[in-house]
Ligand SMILES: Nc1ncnc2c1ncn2[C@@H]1O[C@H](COP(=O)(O)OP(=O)(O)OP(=O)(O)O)[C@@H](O)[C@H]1O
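This document opens with one chain alone, in structure tokens, the form predicted on its own.
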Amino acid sequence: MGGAAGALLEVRDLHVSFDTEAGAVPAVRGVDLRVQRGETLAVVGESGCGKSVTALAILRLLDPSGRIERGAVRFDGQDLLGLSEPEMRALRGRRIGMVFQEPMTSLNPVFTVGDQIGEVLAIHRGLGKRERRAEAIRLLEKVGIPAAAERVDQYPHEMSGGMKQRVMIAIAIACEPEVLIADEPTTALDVTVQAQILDLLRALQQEMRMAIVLITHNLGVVAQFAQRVLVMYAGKIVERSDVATLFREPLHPYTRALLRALPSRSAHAERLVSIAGTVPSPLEYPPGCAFCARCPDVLPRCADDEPRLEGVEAGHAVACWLHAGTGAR
């Protein structure tokens, strides 16, 4: 059974909090997202805005202090929040794959990369030892690692950052998932390797016809790779658009600030532009717009009256009082 209107993965009104000594801290506050088969949806924002927590909540991989307060997560018409943990384990890694942040810490240092790929193959595909090794080599070749038959017996510390990221991708695609969640897949890699990893993901997506949820702080990556984008700030979606429209006509002041902060290739470019101020603490979110203290276009009502995400034209929505009543539908 497919999801509503063709959506393969759908999240509605997701709220996630974490228990701390200071009390429950809201990390995700009413996030909605929909991913169609074969498309790339980017979720972009600064560190701490709730992007990674959203991804971990979808897969029910929150640490013990975190909990989903309310909301719905549906995959191919199935309620993921209603599944038992064994049912979720059977789906996780098989139909939904994930490339985690920081391959340096996500890979186990005491097992060879072949053993780590093989674990997924044993759990989800039931392959024997010899089959697992052969398939691990094939997967390493598929993700562009040279001399795969030798590399399969190496440990993570024997590989470069780019190679470790390729191993993480090999693990994530081992069962040809329908959705791949890629959490900051190019962070800590140099620019050349970043481009190679994005090219690899694009090629795998086309070959396997999988959807990708790309989590990133880098709008430059979004421009190259995604069709649609959600901009997150302080646990909420503040703008939703197709990529071309977002770059041509960004509406939220936070989105515009992110775009201004992109490095310029111009020979006359000034030093990098930063966004003034800091993200508010989740313990101290204002009653109104969470961006108001950093916003150059702030209005009197912004501090006390929280704007809702509203459509301003087909496919483009923004949560900002500057655009309230400008054609929402």
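The model shown is predicted, which means the values in this text are computed figures rather than measured ones. Residue numbers here begin at 1 and follow the sequence given.
Below, we refer to the form predicted in complex with the ligand, which is not included among the displayed structures.
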item	value
Any non-hydrogen atom of E284 within 4.5 angstroms of the ligand in the model of the complex	no
G48: touches the ligand in the model of the complex, heavy atom cutoff 4.5 angstroms	yes
is_contact(W321, the ligand) in the model of the complex, heavy atom dist at most 4.5 Å	no
Q101, heavy atom within 4.5 angstroms of the ligand in the model of the complex	yes
All of F18, A27 and H217 with a heavy atom within 4.5 Å of the ligand in the model of the complex	yes
Contacting member of V53, A42, L33, C292, with respect to the ligand in the model of the complex [4.5 Å, heavy atom]	V53
Position in contact with the ligand when the complex is considered in the model of the complex, options E184, D242, D76, D115, heavy atoms within 4.5 Å	E184
